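One chain comes next, on its own, written out as structure tokens in the form predicted on its own.
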């Protein structure tokens, strides 16, 4: 049993299978919302699953001039990093599948792996468009990652812990940290768009400019793995923000303590899923309303207009706690 439980967490819930299923569903919600905002019908529910099956059935090609080992392993590293981070984020209760003091830093680190892997995969594919996209990935990383980290420090200081589970538990009575760190929450939400490379920060992939950038040479199963990596990162990063600022699986007025453990876990998972979908709604809204900006504008804007408010909010929290 001691061996089976960790394997279940990694491969079934909250890991591999759960992230794929919920990620595909969130993708459908995103595409449907954007379609409605643009007065279109949008795809049917089964469309993301059909797209995945289609990619998995296609031929997997490695360019002759590419570094075969790096080209092949990059999407695996990206997906493995996201799946590993999921087991440290509370999904059904305040206690994550695995938890320790400092797991917040580990999760933030693991969520940067898709960007580094995308850079390496694009760079070593030797395609000119992929090379340009890879350099944009790295440049953009320095723009959003610092504000995102500073934003996550707000709840950590407010909760007096570096453990995501302990930060979530501190909000169980309804005192969500979005009230203590509103600027940090806004910064985290905007920086999340950069992490996921979505409009207006989809600069590294810019299909109308560099033909999907680092992914241009990927086909078949490896391209599907890239798509799944970013879908899974959407779920994990949204769950992280929900856990840090919105109480995670907790919600006011729900008597979790009076429920059987299995029912409390199920209700907590539903509550968290609703919060994740609300974050996806925000991502869809920005995608429908905004246009892509230049890479230099993105880096400058993130460091100036996200970094400074995040630092100000940290100062406010430290002052009020002293």
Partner chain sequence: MTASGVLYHPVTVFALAMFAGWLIYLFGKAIAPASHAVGGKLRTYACGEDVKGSSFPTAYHLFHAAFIFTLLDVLALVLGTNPGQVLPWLAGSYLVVGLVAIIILFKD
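Residue numbers count along the first chain shown, from 1. Note that the coordinates shown come from a computational prediction; the quantities given were computed from them, not determined experimentally.
Omitted from view is the form predicted together with its partner chain, to which the following refers.
*Asks:* Exactly one stretch in 215-223, 180-188, 238-246, 163-171 has heavy atoms within 4.5 Å of its partner chain in the predicted complex; which is it?
*Replies:* Of the stretches listed, the one contacting the partner is 215-223.
*Asks:* To verify the annotation, which of these, 231, 192, 150, 115, has a non-hydrogen atom within 4.5 Å of its partner chain in the predicted complex?
*Replies:* Flagged contact: 150.
*Asks:* For residue 128, is any heavy atom within 4.5 Å of its partner chain in the predicted complex, or not?
*Replies:* Taking the distances in the predicted complex, the answer for residue 128 is yes, it comes within 4.5 Å of its partner chain.
*Asks:* Is there a heavy atom of residue 274 lying 4.5 Å or less from a heavy atom of its partner chain in the predicted complex?
*Replies:* No, residue 274 is distant from the partner.
*Asks:* May I ask you to state whether residue 176 is within 4.5 Å of its partner chain in the predicted complex, using heavy atom distances?
*Replies:* No, residue 176 is distant from the partner.
*Asks:* According to a 4.5 angstroms non-hydrogen atom cut-off, is residue 252 in contact with its partner chain in the predicted complex?
*Replies:* No, no contact at 4.5 Å.
*Asks:* Listed by sequence position, which residues of 37-68 have a non-hydrogen atom within 4.5 angstroms of its partner chain in the predicted complex?
*Replies:* 53, 56, 57, 58, 59, 60, 61, 62, 63, 64, 65, in sequence order.
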